[in-house]
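Given next are two forms of a protein chain, the same chain in both, each as structure tokens and marked structure 1 or structure 2.
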Structure 1
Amino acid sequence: MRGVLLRGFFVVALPVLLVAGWWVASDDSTDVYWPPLRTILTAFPDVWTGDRWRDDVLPSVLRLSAGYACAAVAGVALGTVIGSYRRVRAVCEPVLEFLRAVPPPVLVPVIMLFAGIGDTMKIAVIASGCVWPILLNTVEGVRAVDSVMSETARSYGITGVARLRHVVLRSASPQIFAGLRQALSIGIILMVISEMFAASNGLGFTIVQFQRGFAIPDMWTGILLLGLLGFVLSVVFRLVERRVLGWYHGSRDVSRRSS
């Protein structure tokens, strides 16, 4: 009981301290750029309810999900193919290394040429930035499939789809998830940037509008909302990961304890 309380105390202590510090330090702030936290928090519900939620937040999140999903499917599929065949891997490696090294945000102007400034462009930008970490991690994961396991599967006559599902993808999944996690933060960055570039709605667009209109407290609420969004998505991701990779974490704990 005491342990739980103590842990709870540790979880909240510093955040409370920091927020309180911010509150007190900014309370009588007259600096335009650093409005009092009180003002920001009172502005928050006014800014982010009703219409704006439907017109800006929802489209942003939908675009992010669409782009991310495309990247995940393409990355895992291509990665499995490239990882499974040594020769294909050797041919593709330098090109992939180069494409991965291109900073994803510079794709925004390039993709704008092809896809205009609509939703397609944003989804394409998100997908084309997210795909690399997923693809490369899948390649690594597929390549590292335990040879004993794949021999065993072969001698039991497990081939084709069953082999792909139960042997290859399963043992590559910890790596794939590492890639998916990297891709998530890139995805959020690209979502915001593609909206800052050319858009008529979305979180990035609205926050820049606030900043240009010198609606500083509103801009701060936008920054806070983006922070919350990033936080929520990473929590959701962790929950999904824990579910899907439960067997893996379990077996790792066991082997750690026994060693």
Structure 2
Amino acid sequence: MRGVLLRGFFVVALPVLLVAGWWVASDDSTDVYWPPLRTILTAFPDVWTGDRWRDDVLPSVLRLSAGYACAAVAGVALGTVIGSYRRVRAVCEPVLEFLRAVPPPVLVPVIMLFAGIGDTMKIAVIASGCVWPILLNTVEGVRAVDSVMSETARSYGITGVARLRHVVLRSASPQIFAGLRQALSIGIILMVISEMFAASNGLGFTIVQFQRGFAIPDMWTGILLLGLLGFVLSVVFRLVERRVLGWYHGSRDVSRRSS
């Protein structure tokens, strides 16, 4: 119990200190572009009403979820194939390194030519950036599967889908979740960037509209909301990860205590 309370204190302490520092540093500010934090917090409930949550926040979250899900499925599937076969990896590796080096925001105009300016374009932009950390971590995770474990599974007749599910993916799952965690933050960034191009709603669109209309406190509320959204998604992801990888974290805790 004491350990949980101490861990909770450290989790809360830094955000509280940062907010307090922001409040004190901006309290006497007269700069139009750097309003006091109390002004931003006062404007927050007036800006983000129920209608704006439905018209801007919800579409952004849905686009992020769709793009992230597409990237997760494609990244894990392709990464498993590439990581399992040496020849496939040798052929694909130069192409993957080339495509990985292209910044996803640069692809926005190209994707707009093929997908238009609707939700399909925004989902494609998010997926194009999220797929790389998932794909590359899956490849490395599959490559790192213990050969002794694979041979043992084969000797017991565990092949095909059963081997893929219980040996390969289970062994690579910690690495896969590391890629999924990295992709989540990338997805939030690309969600905002994609909504700044030819959009009519969404968080990125709304923040740009506030900036162009010199509604600076309202713009800051959008930035603050993005930070809160990232925090909530991170907490949800951590809960899912602890649930799915309970066996992995449990074995690590046992090893730590025994050492």
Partner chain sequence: MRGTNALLGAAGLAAFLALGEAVPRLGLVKDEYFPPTSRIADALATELADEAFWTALGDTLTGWAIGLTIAVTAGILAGVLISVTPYLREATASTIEFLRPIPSVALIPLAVLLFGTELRSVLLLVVYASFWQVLVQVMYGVRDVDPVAEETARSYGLGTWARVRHVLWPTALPYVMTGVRLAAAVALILAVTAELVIGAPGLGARIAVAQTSQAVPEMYALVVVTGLLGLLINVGARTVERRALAWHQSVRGEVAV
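Numbers given to residues start at 1 and step along the sequence of structure 1. By rigid core we mean the largest C-alpha set that fits within 1.5 Å across both forms. Bear in mind that the values here come from a model prediction, so they are computed numbers and not experimental data.
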Structure 1 or structure 2: which matches the form predicted alone? 2
For Leu17, what C-alpha shift in Å is seen between structures 1 and 2 once the core is overlaid? 4.1
